[in-house]
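In the form predicted alone, a lone chain appears below as structure tokens.
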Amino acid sequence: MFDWLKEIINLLSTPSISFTLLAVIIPFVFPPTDWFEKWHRRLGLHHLWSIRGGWGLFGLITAFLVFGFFDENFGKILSKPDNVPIMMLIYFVFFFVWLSMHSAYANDARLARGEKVEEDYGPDEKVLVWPDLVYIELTALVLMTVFLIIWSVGLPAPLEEPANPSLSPNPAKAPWYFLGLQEMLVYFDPWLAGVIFPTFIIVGLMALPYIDDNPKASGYYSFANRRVSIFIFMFGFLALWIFLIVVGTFFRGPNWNFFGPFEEWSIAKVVPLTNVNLSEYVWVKLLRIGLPSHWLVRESVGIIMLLLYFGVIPVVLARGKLRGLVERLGPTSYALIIFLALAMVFLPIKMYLRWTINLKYIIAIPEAFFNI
């Protein structure tokens, strides 16, 4: 009955389309500049952070999951005990993002009217550790213990047989909290996907409040005073972490092929791919000559492109759109925050290059085990 809707969802769920939609939506939902802020208001996206908007998003997510449970293929994926925490993760991420942005917009509105922010408690408004905080923590401890006991009884842990090196599961998936790293391994070498990018993403997101230490937004939720930092954080957190976990959980099937949510996981699905390095595109396909023997000449185009990306773009932005950010943060903090932003954006750039032209490496130096 709803086959046409399932086909549309399967099409929109392909990585190239779904990630593009997410990358386009995020700057309009968390507008980093005045231009995006104007369209944010014009499109009515600020209503997302209202009470009605929150219930609307909650209902949309719930309706999609309920609809998926009644599908023969997607229902099997959603009902796996391994995937129940991911569905809880989706709800928790949605709730806390909505709550923080709801409080931020409410505080910005209060400040615009000349009122105090919600977190500005007076000297007489105190909460004692004993008994107030201790009672709350004890109650939360008891409720969480009861919840985990009921969960463990009603949904047993998916324990499998002892590991057999001659019989590997297909697909072989890491624990859910490593699925984002496993997805990155599709596009980068292990030293980048397993060490460098996770470090930049995690440490960079934690460091953002200390790099952008605007005193006007300290101690309370505010979006107007930290638009760029919040946008960078949300892009790194939602697009480069949560999205990759969801893709690895629900959309990666046998042979690590991509499957739509309502598509059957068939082991017979084969996707013909021939990944080509940038040097091969330049020297062999474009110039129609053989690859140079020396690695520096062979990979010179990729090296120049990376130097321009990380060296020229920050200078151009500092003299243009982000001049105000440089004046507020200073050159050192600006350099740190723009480097983290460019490093995070480099991941989707490489993903798009893989999806569109099957680009394997921008720089490939197997002699030194150095590939980007």
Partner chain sequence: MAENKKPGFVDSVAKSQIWKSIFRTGIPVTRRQRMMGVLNNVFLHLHPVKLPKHAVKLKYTWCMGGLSFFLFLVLTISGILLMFYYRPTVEYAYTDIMDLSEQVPLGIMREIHRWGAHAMVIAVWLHMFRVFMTGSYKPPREFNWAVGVILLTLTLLLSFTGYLLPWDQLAIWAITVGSNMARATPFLGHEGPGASLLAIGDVNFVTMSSDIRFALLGGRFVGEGALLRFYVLHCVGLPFIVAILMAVHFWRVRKDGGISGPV
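Model, not experiment: these values are computed from the prediction. Take the two forms, superpose them, and find the largest set of C-alpha atoms that agree within 1.5 Å; that set is the rigid core. Positions refer to the first chain, counted from 1.
Here the subject shifts to the form predicted together with the partner chain, a form of this protein not shown in this document.
**Student:** With the partner removed from view, which of 264 to 272, 277 to 285, 128 to 136, 292 to 300 is the stretch that lies within 4.5 Å of the partner chain in the model of the complex, judged by heavy atom distances?
**Tutor:** Selected range: 128 to 136.
**Student:** K173 versus the partner chain, in the model of the complex: is there a non-hydrogen atom within 4.5 Å?
**Tutor:** The answer is yes: K173 has a heavy atom within 4.5 Å of the partner chain.
**Student:** Taking the partner chain as it sits in the model of the complex, is F250 in contact with it (heavy atom to heavy atom, 4.5 Å or less)?
**Tutor:** Close contact is absent here: in the model of the complex, F250 is far from the partner chain, nothing within 4.5 Å, heavy atoms only.
**Student:** Taking heavy atoms and a 4.5 Å cut-off, does E115 contact the partner chain in the model of the complex?
**Tutor:** Because no heavy atom of E115 falls inside 4.5 Å of the partner chain in the model of the complex, the answer is no.
**Student:** Using a 4.5 angstroms cut-off on non-hydrogen atoms, would A368 count as touching the partner chain in the model of the complex?
**Tutor:** Yes - in the model of the complex, heavy atoms of A368 and the partner chain come within 4.5 Å of each other.
**Student:** From first to last in sequence, which residues of 96 to 112 have any non-hydrogen atom within 4.5 angstroms of the partner chain in the model of the complex?
**Tutor:** The stretch 96 to 112, when checked against the partner chain in the model of the complex, contributes F96, V97, L99, S100, M101, S103 at the 4.5 Å heavy-atom cut-off.
**Student:** Can we say the CA of F96 moves by at least 2 Å between this form and the one not shown when the core is superposed?
**Tutor:** Shift at F96: below 2 Å after core fit.
**Student:** Is N257 among the residues whose Cα moves by 2 Å or more between this form and the one not shown after superposition of the rigid core?
**Tutor:** Superposed on the core, N257 moves its C-alpha less than 2 Å between this form and the one not shown.
**Student:** Does the C-alpha of V228 move 2 Å or more between this form and the one not shown once the rigid core is lined up?
**Tutor:** No.
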